[in-house]
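Given next, in structure tokens, is a single chain: the form predicted alone.
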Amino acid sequence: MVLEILTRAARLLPLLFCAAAADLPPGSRIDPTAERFPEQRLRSEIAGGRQSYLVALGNTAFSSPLLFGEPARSAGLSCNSCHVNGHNNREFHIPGHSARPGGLDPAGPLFNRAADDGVFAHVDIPSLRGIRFLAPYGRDGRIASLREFARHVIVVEFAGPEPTPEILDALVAYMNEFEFLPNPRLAGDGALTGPKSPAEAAGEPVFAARCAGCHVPGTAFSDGRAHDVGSDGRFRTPTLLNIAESAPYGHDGRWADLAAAVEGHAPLPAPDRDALLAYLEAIGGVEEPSGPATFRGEMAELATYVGLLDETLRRQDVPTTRFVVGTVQAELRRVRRAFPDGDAARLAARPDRRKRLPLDYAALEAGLEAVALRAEAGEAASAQVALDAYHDLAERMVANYPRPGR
């Protein structure tokens, strides 16, 4: 039975791969860079818990191109493409639609012609860390709630279908988990603690006099309001937490580094400028902000998504089952681009390597497709058998595969 299901699913793989063909201008770069993978901290996991079903569903949706319309969907674009691990993707670039790496024109003709305003306005991709503290939303602060902002991005900016209430609830639940990375030099009220360099100490009063009125230390260094600071409009005050590694700066990414941002906001005498820059680097710093992506880490994340299927099959929730399967299939293609051979060296070194199967992304996709096909046929028990078969296959292909529930 399982072999028959897998064979049937395998026949669909050419269609699945066609659906993943990018329809973006040559030279586009939307995949995050494996060498710079931002660290992520989720509130529930920091507290010693785990992702709830709703949070895990939001995590899956955040990485799903199925939320969007064409051509974003075919290109494999997702929320996570821009906001890698809830942070930002400095390398994101679509020629003709991005003025520079790290952003794009969200109201341009590429993704939603109906929303095209005829004005090329590049918007820098912001970090979403601590987003629950940073209302209102959008670079100009025009959207009051995170839920409405998520819907706006899906439906208006990327021409996606109207998301279900559960998907919106899940996205909000997941994004509300995003924490700032810790900065051991900052107290809870935003004060810089511990030994300070002479430049940092000199920069603190400069910041208090010139910046703290908008970048309020006690409220994540933001006042939650929009201001015109001479940068072509009124824009919401961004947080300064974690900014040391979130270049470029400004609503349109016009400043490549903090020094340029300081100069662009308010020209200062050189001593004050250098002192303020030292202070900003201190309050905006983090420990271990990023590291290289790994095949093991990527597959562990996908296992979190796949772990939802036990519950969706139990509920006989066919649409969500298909959504999860389609999302993981799309993510497997992205992982394949980054790690075409998986973790071959590590696998070869294992003493039980003879029991392993060669990594076969297509077979993993087919195994998941079998789950969705059985669910859609109303065969819940058979779908669970297919899911178990997928896990068995993944365990034989991926060293230390993190099977859910084990």
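This one's a predicted model, so the numbers in the text were calculated from it and none came from an experiment. Start at 1 and count along the sequence shown; that's the residue number.
If you look for the form predicted together with a small molecule, you will not find it shown, but the lines that follow are about it.
Chemist: Taking 153, 215 and 235 as the candidate spot, are all three within 4.5 angstroms of the small molecule in the model of the complex by heavy atoms?
Modeler: The answer is yes; 153, 215 and 235 each reach the small molecule.
Chemist: Let me know the one among 159, 261, 332, 278 whose heavy atoms come within 4.5 Å of the small molecule in the model of the complex, would you?
Modeler: Selected residue: 261.
Chemist: Identify, from the list 90, 251, 97, 336, the residue with a heavy atom within 4.5 Å of the small molecule in the model of the complex.
Modeler: By the 4.5 Å criterion, the partner-contacting residue is 251.
Chemist: Using a 4.5 Å heavy atom cut-off, which of 311-319, 296-304, 123-131, 324-332 contacts the small molecule in the model of the complex?
Modeler: Correct option: 123-131.
Chemist: Mark residue 62 yes when one of its heavy atoms lies within 4.5 Å of a heavy atom of the small molecule in the model of the complex, and no otherwise.
Modeler: Residue 62: contacts the small molecule in the model of the complex.
Chemist: Taking the shortest heavy atom distance, is residue 255 within 4.5 Å of the small molecule in the model of the complex?
Modeler: Close contact exists here: in the model of the complex, residue 255 approaches the small molecule to within 4.5 Å, heavy atoms only.
Chemist: In the model of the complex, does residue 201 have a heavy atom within 4.5 Å of the small molecule?
Modeler: Residue 201: no, not in contact with the small molecule in the model of the complex.
Chemist: Is residue 137 one of the residues lying within 4.5 Å of the small molecule in the model of the complex, judged by heavy atom distances?
Modeler: So residue 137 counts as contacting the small molecule.
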